[in-house]
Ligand SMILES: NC(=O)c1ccc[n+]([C@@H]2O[C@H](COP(=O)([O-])OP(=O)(O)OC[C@H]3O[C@@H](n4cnc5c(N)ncnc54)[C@H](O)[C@@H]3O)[C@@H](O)[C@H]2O)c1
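In structure tokens, one chain follows: the form predicted on its own.
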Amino acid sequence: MGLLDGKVVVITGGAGRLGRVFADALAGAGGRVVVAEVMNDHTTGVVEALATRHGGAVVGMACDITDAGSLDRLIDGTVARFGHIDALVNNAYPRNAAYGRKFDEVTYADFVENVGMHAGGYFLAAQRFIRRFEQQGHGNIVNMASIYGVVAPRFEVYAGTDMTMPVEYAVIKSGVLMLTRYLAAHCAGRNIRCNAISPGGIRDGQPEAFLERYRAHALTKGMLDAQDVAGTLLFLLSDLSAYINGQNIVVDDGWTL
């Protein structure tokens, strides 16, 4: 028997760098997975590959986490397909074209828009799914946060590259951690729990100079692969973590020590 046998999990941003690995791991553990995405040729291709690997255990559904109507259609579609929803993984990463600029180049409008889309989208998705969870009598939310919601940026690791740690990201992910605690407390007594995962950096073709400086702060590996985070997500979605609530689990190879 799989760790998630019979559980239905919706992953927003489920075709992304982390999301597609999560979807594969959850389906492999017996879960039924809805990959909720802004559908285009790329995301559709990811869903088709996952469906080929796992059959009817993985389906794709269109979703914009900043649109309440879109979220409601996602919830209704999931219930129509699988009969219920056990969990939401808030994993989408909405951002505008200006995202990723260095601090002095960030405009007020872009800052507000990016924080609103990302943190606001997590709030809105949680709000709509909690309404469904209350109706069915149970539910589980896992918010994807970050080590940069826990510690201040280490700007020195970006020296000599075009990379930086966006100010919006720090504000968003620290906000996601408080949102997680808020939701856990708000849902007290309703059999709905909410936790967060704060991954360290995920390897994705970064310059070797950056990887070396990043690795110097870690204990073993340095930058992680998405698979290194998937086990923690499986645990939080399973009954093994039934009484873990309102917590943040840091998965970073000791980088924040």
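Here the structure is a predicted model, which is why all the values come from computation and not from measurement. Residue positions are given as counts along the sequence shown, with the first one as 1.
The following text describes the form predicted together with this ligand, which does not appear among the structures shown.
For this ligand in the predicted complex, the listed stretch (153-161, 169-177, 75-83, 108-116) containing residues with heavy atoms inside 4.5 Å is 169-177. The candidate spot formed by 43, 65 and 201 lies fully in contact with this ligand in the predicted complex, as each residue has a heavy atom within 4.5 Å of it.
Within 4.5 Å of some heavy atom of this ligand in the predicted complex lies at least one heavy atom of residue 15. Contact between residue 146 and this ligand in the predicted complex is found at the 4.5 Å heavy atom cutoff. The closest non-hydrogen atom of residue 140 lies beyond 4.5 Å of this ligand in the predicted complex.
Within this chain, residue 128 is remote from the site of this ligand in the predicted complex, having no heavy atom within 4.5 Å. Note on contacts: among 188, 216, 49, 38, the single residue with a heavy atom within 4.5 Å of this ligand in the predicted complex is 38.
In the predicted complex, 91, 92, 93, 94, 95 are the residues of 88-104 with at least one heavy atom within 4.5 Å of this ligand, listed from first to last.
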